[in-house]
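We begin with a single chain expressed as structure tokens, specifically the form predicted alone.
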Amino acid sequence: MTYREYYETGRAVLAEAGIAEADLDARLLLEFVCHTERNTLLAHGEREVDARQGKHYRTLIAERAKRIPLQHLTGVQEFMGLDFKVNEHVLIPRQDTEILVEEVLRYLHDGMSILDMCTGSGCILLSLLHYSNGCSGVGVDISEEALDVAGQNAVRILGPGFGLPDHIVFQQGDLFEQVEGKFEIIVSNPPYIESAVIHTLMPEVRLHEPVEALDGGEDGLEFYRRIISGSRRHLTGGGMLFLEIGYNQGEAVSLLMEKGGFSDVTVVKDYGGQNRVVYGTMVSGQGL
């Protein structure tokens, strides 16, 4: 079969399974299997595909039709222009979270220290370290499996010679329970989906991503309360807290930060016009 024939077959299977982006996923899986580029379908669609690659492609299409996330099949997800390893133990990095990283980068100066709470794959912290100079960071997560992925991503993104553990440490713990010291920046994309809403999420998320990375408690604000409270002991004077939020949580999280002793609290929208990030400054390093 030709490259185009495999693509058309895969696209049809995914469309029949109700995959919203059947065209895109069929193409991306074919490129992954054949080690090709985006223009291959257009420019070289009549090339014959190796039988082993064709078999592999059909297998991946069948798995994707079962609503297994594309990124779990390829094992990677691009984020901030970098390729991160992902699996079922970590939340797949979303493009919306790039807004969080971009906001932090506006205030991140050389040599600063960063605490990434609920680090998951490490994509936030590692992106910040990759695009800065002389900064150090600690990534915390309750999941040992997630931290294993983050550690592999540290080598993948920063290289094996990046001063481990002098400049970056991944630490297991329930939020701040094992954290020591103070940081100029604390950043987090915590679980923020209301518990009652979890069952309504698309199957790729509900069935294949870790629920502990999604469930934000009854009102979706449980982790914001804990992180805002805990950050008081671990921010330097003038240190800043950056939080990703759900589209409808800007007002609630802003109020929590203001009550927690933060000033200049700001809500930032994503490219779709939805509230996505809240950040503020701890003037004295202690909450009110």
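Heads up: residue numbers just count along the shown sequence, starting at 1. On a predicted model such as this, the values are computed, not experimentally measured, just so you know.
There is also a form predicted together with a small molecule; it is not shown, and the following applies to it.
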Partner absent here, but in the predicted complex, which of 171-179, 72-80, 210-218, 139-147 has residues with a heavy atom within 4.5 Å of the small molecule?
210-218
Does the small molecule get within 4.5 angstroms of any non-hydrogen atom of N189 in the predicted complex?
yes
With the partner left out of view, is L128 within 4.5 angstroms of the small molecule in the predicted complex by any non-hydrogen atom?
no
Give a yes or no for L91: in the predicted complex, does one of its heavy atoms lie within 4.5 Å of a heavy atom belonging to the small molecule?
yes
Does any heavy atom of I193 come within 4.5 Å of a heavy atom of the small molecule in the predicted complex?
yes
